[in-house]
Structures are given as C-alpha cells and as structure tokens.
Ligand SMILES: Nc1ncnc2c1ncn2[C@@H]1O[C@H](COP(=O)(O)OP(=O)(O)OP(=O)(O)O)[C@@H](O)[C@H]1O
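A lone chain, given as structure tokens: the form predicted on its own.
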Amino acid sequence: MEDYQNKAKVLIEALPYIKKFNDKIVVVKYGGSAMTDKAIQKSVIKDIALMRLVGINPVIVHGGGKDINDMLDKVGKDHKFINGLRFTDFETMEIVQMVLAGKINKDLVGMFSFEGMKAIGITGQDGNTLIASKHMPHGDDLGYVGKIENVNVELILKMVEDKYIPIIAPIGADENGKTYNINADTASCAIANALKAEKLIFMSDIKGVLKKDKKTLIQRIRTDEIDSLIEDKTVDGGMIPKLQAAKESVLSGVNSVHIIDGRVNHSLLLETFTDYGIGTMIV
C-alpha cells in the first residue's frame, strides 16, 4: 500500500506543473549519451512521449557528433575541430547531411512512431526554417559551418498545431541554397528564442553547472550572475558558451533554460514535473 501511496504523491506533485505547462512549447536539445546509450535513449523517448500526452508541445533539436565521427572513420576521412566547432569541407558536409538528416533524424521519428506518437523529421532547409550564412569566428575558415541569420517558425508551428512532434536536424541553408553545418546548441537556442518557448532543456553528460569544487550542483542561476561565474572561473570550458546562450535565450523571452544530466533515467520528467528538479535552471 505504501508503494501505491508514494506513486500517488508523485502524481500529485506533478499536477501543478502539468497545468502550468499545458499547451506550452518546450525545446529539447537532444544529444550526448542520451543518443548513444540504447537504454537511456528509450527512456528519453518515453519521457518526451509522456510530455506530449499531458499537453506539452515538445520540439526536438538533435546533434549527432559521434555518428558523424564514426562515418568519417569508415570512409577514411580525417575529422578535426577548431575552437569546439567541426571543420566541415564539402565532403564532410555531405556526410554530415547524410548522417543527421538521413539516419539519426529518421531513426528518431521511427522511435516516436513505435511509442504511438506522431512525429515529423526535418532539417533547417525544410520550409526555409534556418536561414544561415558562413560562420568565421575569430577569422577562422571552418568551411561549411554556418551561423543562423533567421529562424522561420511557420513550419514548426504548423506541426505543433497539428499535434506532431517536430524533430529538427541542425542543417541550414543560405539564400543561394548552399548548405551549412550548424552547432546543435546554437540551433536549439535560436529556435527556442524564435518560438518564445516556455523552456529550453539541454541534455548533457554532466549534472549541470557545478561550483568550483566541481562536485556541488548549482540548482538555480539568474542571468545577472552568469558573467561573474565566468569571470571567477567557476564556469569554464564548454559550459561558457552554453551559459552565454542560455542568458541570451532568457533575455529573448524563453521563460527558463535547463542544463540536465541526460544519463539519468527520466531526467526530463524529473526536471519538468518535480519541485526539486535534477539539473541547473537559468532564469
């Protein structure tokens, strides 16, 4: 009987959040171990399916770095990164497009279909969703790496309105039709901003933002605290661009940004529907 009562408490705790987020858009940046570990992958798909069934409108933006690396290795092509971004020549761009749009995107659609959910997989090229231009940070020529100039949300909103789960591969095109590889974190932020999403959730392979001891989780951060966390080196490495993007998203109208450990089973549900959450929330 106690076990059943505990389950009832969980449902009661989730109820106000279900009400609060009903019919709201939540953008999920799906990547890391949550994409490569089959058991965790099934857990994530079920979480997102449940979110949709209780009235939330999830929009998925996925990466696929490991699969791209594996395919480059299979064809004997080197892969390198410059300041965290993949150098993408013409041949690499073809492989990126094949892996993201042809394999990962459609595999995810199939998984949602298996759970009885309606999903549609697109890239940023479809419906001119992601208009991009060549990205040259610090003057580095990265080849076919793009930055987003504009997000056209018409197609995404049409899918949401028709109760489909949009699954978006971060490939954009410029006005001349030239395709670009876009960082998935960057794409998810731009899409969440354009949609004025209720939440943007980054699934990562770390607990969230940690204190200087690199063990203690910081559960809540205000946007006006981010610069000081970077300056005093509490935050470093790849977490810096994530927090900067989170700050921009919140200031652009996204209600909150979350960085969670995608390796934990049902981390999406724990962060969305419980009082304590599981990761770091930026507000």
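Note that residue numbering follows the sequence shown and begins at 1. Just so it is clear, the model here is predicted, and its values are computed rather than measured. Superpose the two forms; the largest set of C-alphas matching within 1.5 Å is the rigid core.
This protein has a second form, the form predicted together with the ligand, left out of what is shown; the following refers to that one.
A heavy atom within 4.5 Å of the ligand in the model of the complex is found for one listed residue only; from 129, 105, 181, 204, this is 204. Proximity to the ligand in the model of the complex, defined as a heavy atom within 4.5 Å, singles out one entry of 151, 99, 159, 210, which is 210. Within this chain, residue 64 lines the site of the ligand in the model of the complex, having a heavy atom no more than 4.5 Å away. Heavy atoms of residue 58 never reach within 4.5 Å of the ligand in the model of the complex, leaving it off the interface. Interface membership of residue 242, defined by any non-hydrogen atom within 4.5 Å of the ligand in the model of the complex, is confirmed. Within 4.5 Å of some heavy atom of the ligand in the model of the complex lies at least one heavy atom of residue 185.
Contact residues in stretch 225-256 (any heavy atom within 4.5 Å of the ligand, taken in the model of the complex) are 234, 235, 236, 238, 239, 242. In the core-superposed comparison between the shown form and the other one, the C-alpha atom of residue 230 has shifted by at least 2 angstroms. A movement of the C-alpha atom of residue 101 falling short of 2 angstroms is seen between the shown form and the other one when the two forms are aligned on their rigid core. After superposition on the rigid core, the Cα of residue 213 moves by 2 Å or more between the shown form and the other one. Compared with the form shown here, the C-alpha atoms of residue 13 and residue 221 sit at least 3 Å farther apart in the model of the complex. Cα of residue 13 to Cα of residue 216: at least 3 Å longer in the model of the complex than in the shown structure.
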